[in-house]
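Listed next as structure tokens is one chain, alone, in the form predicted alone.
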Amino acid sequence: MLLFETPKAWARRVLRPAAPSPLAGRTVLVTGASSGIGEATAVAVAARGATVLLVARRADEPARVRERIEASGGRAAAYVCDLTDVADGGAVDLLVKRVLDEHGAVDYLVNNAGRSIRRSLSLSYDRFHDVERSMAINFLGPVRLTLGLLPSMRERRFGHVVNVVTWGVQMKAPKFTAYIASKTALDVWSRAAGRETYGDNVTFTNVRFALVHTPMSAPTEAYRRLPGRSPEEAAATVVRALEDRPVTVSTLPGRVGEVLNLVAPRLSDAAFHRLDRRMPDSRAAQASARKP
């Protein structure tokens, strides 16, 4: 049995390997579906018989992914939305209304859209907007979207939300203060929310990924030499989380780091400080730090 696998999921996978996916015939909304993990997840979900609702900021990319899915016999619809527009009656509210009007319900939500900023504190003193931007897309947008879809899920007594977060919520890695704080907020919010919706059969999974090689991680030169997962490999994990509905999906190093932070916090601080000094800011971070 895999580490995050429930007994029910194990039985379905091992005892009934030919059984249809729980996603078949369902409606799955994926944000950040224009590239990387989001695109790969959308393609994989459609291959399992779901109708995929593709959400992204630019119009051309989700349309391209929709055409890719439809060319393979899948079903998809594309929506353009600025997920940072969380005002009452703003873009997120309009997206929720349109999706529910056109599809009746959303069974599964994948909060994948995000923004990663790796920049040291010494380059961040005059860049509070990095914190604001990170919170807007990594926390406020997903929460606003989730709140918009939850009433329908709870009324129908079915729904599942998968949040693509980071092992940084466990590791507390330096240079990622804004990014990790925003992802941790989503992680914790969902754990608390899930305890309220549990009786309605509406559940949450936080997928705490380590390095995935995507366009978002590409600007950091040091990461190009490190081992990491492909978007397709990461998408396979997201699909498993959709199907099996565990509380958390994490890595062994992430769990070890979390324990170390609890039992020996100063030792953990010292280890990460040494690592931080060996991995300087990327050229992209240094260049952008000179801009407002």
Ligand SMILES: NC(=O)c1ccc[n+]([C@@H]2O[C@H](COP(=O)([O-])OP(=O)(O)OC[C@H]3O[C@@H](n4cnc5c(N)ncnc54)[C@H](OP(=O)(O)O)[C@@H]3O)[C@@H](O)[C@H]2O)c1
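The structure displayed is predicted, hence computed values, not measured ones. We number the residues from 1 along the sequence you see.
Another form exists, predicted in complex with this ligand; not displayed. Remarks below refer to it.
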Segment assignment from 69-77, 197-205, 160-168, 96-104: heavy atom within 4.5 Å of this ligand in the predicted complex: 160-168
Non-hydrogen atom contact R58 with this ligand in the predicted complex at 4.5 angstroms: yes
Touches this ligand in the predicted complex: A181 (any heavy atom, 4.5 Å): no
Contact label in the predicted complex: E132 to this ligand, heavy atom within 4.5 Å: no
In the predicted complex, L211 touching this ligand (heavy atom, 4.5 Å): yes
Contact residue in the predicted complex, chosen from I137, L150, V86, V143 - any heavy atom within 4.5 Å of this ligand: I137
Heavy atom within 4.5 Å of this ligand in the predicted complex - residue from S250, S35, T237, T51: S35
